[in-house]
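Coming up is one lone chain in structure tokens, specifically the form predicted alone.
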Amino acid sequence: MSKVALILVVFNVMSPAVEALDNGLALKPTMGWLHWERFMCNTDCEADPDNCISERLYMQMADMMVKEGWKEAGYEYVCIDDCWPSHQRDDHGRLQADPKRFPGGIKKLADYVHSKGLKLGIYSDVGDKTCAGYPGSLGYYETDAQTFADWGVDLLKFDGCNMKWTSLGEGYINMSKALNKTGKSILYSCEWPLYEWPFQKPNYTAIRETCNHWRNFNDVFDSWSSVKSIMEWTASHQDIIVPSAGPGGWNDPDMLVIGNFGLSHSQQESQMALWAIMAAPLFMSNDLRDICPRSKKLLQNRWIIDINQDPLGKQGYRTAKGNSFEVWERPLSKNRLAIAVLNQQEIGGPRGFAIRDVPGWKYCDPQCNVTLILPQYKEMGVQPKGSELVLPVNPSGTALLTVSLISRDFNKLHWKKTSV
């Protein structure tokens, strides 16, 4: 790897600059399942009863999360997105579920999900209508927060459609206060910066004080180009957004589309690896009733999940880019570093990447212990600073590994701008 400009990274000052939302939630990135990317706004239960937005869909996903090891792997939230409500509020001004698709109401669904040892998430919007045109929460923040609490909801995804951008902050803050006022612990997932970036740089101090995680960029689609665009946006804005991430509040690059139709296996590994490096909430949007075994194994990979859930709570950076490779690094607890090497080429076969070209490797002096996690788990043993180890990386794939510094502390190191 030649002429690679490294980003100035000082890992020991990456702690969040402000206090997180004080509700005791999301101390690690949230894990669960969310319907939107896979099932969207399918409300035709007569023509497509197995895939429409209905209580049956969420009950079946909750069943699968318990039966197939998802809950055991750490995925705990079953989340409803847009298109669940009736088009009209009830006589008391409260939101109500569509009576045909949710005949038992949300309270019954929440009770069912809770009986499985899982948690229920729901969706609303800061404006007067949701993105799909259902009733939003503008003018009803306290009413809706109390309704969600009465139903037993555990998470609110709060979208930002149909609202003047100059009023976004006030709306998100008011709903945050309304949720806390209920006395129930409701995790608060915001899209505040997503809707503000087109106009101005968002105030991440206020966002972190208000929300448990927040979307910054476009919705993910079931395509490699979409996943790449999210990673590139994140890297291009990392100096702004990374300092805001930490226990209690996280940058949300959107859903995992692993197990669907658009990504190759290597590309699925890249999304999983980079979402772990980015300390991202892990919300799958797929059909757990019918998922490829290889995709399931990847999503439940305990070594990758351990990186994502690392208690140090620091988001990683892209630290190098060149020769059609990207290197991303994240400091971990127990004096370790997670490294993801992405092969950006989409032609040919696997390409080799020398581990000594990883920026953080220079601190493996005299040696580090290396564990390869993707594309398959392998203990690589103790490697010296001058290691000849070469990592094969598939086109649009990622080699993910952890290294343990044997004689020094990664989190006390200052990285200097340099080139290799």
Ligand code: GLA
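Quick caveat: nothing in here was measured; it's all calculated off a predicted structure. The first residue of the shown sequence is 1; numbering continues from there.
Another form, the form predicted in complex with the ligand, is not on view; read the next lines as being about it.
- Comment: 126-134 is the region of 281-289, 126-134, 88-96, 258-266 lying near the ligand in the predicted complex, near meaning a non-hydrogen atom within 4.5 Å.
- With the partner omitted from this view, the residue of E326, E191, D154, E329 that lies near the ligand in the predicted complex is E191 [heavy atom within 4.5 Å].
- Screening R215, R208, K119, K314 for any heavy atom within 4.5 Å of the ligand in the predicted complex leaves a single hit, R215.
- Of the heavy atoms in D82, some are within 4.5 Å of the ligand in the predicted complex.
- Put simply, Y141 is far from the ligand in the predicted complex: not one heavy atom of it is within 4.5 Å.
- Although the partner is absent here, D310 lies well away from the ligand in the predicted complex, with no heavy atom inside 4.5 Å.
- Proximity of E196 to the ligand in the predicted complex falls outside the 4.5 Å heavy atom cutoff.
- Contact residues in stretch 33-50 (any heavy atom within 4.5 Å of the ligand, taken in the predicted complex) are limited to W36.
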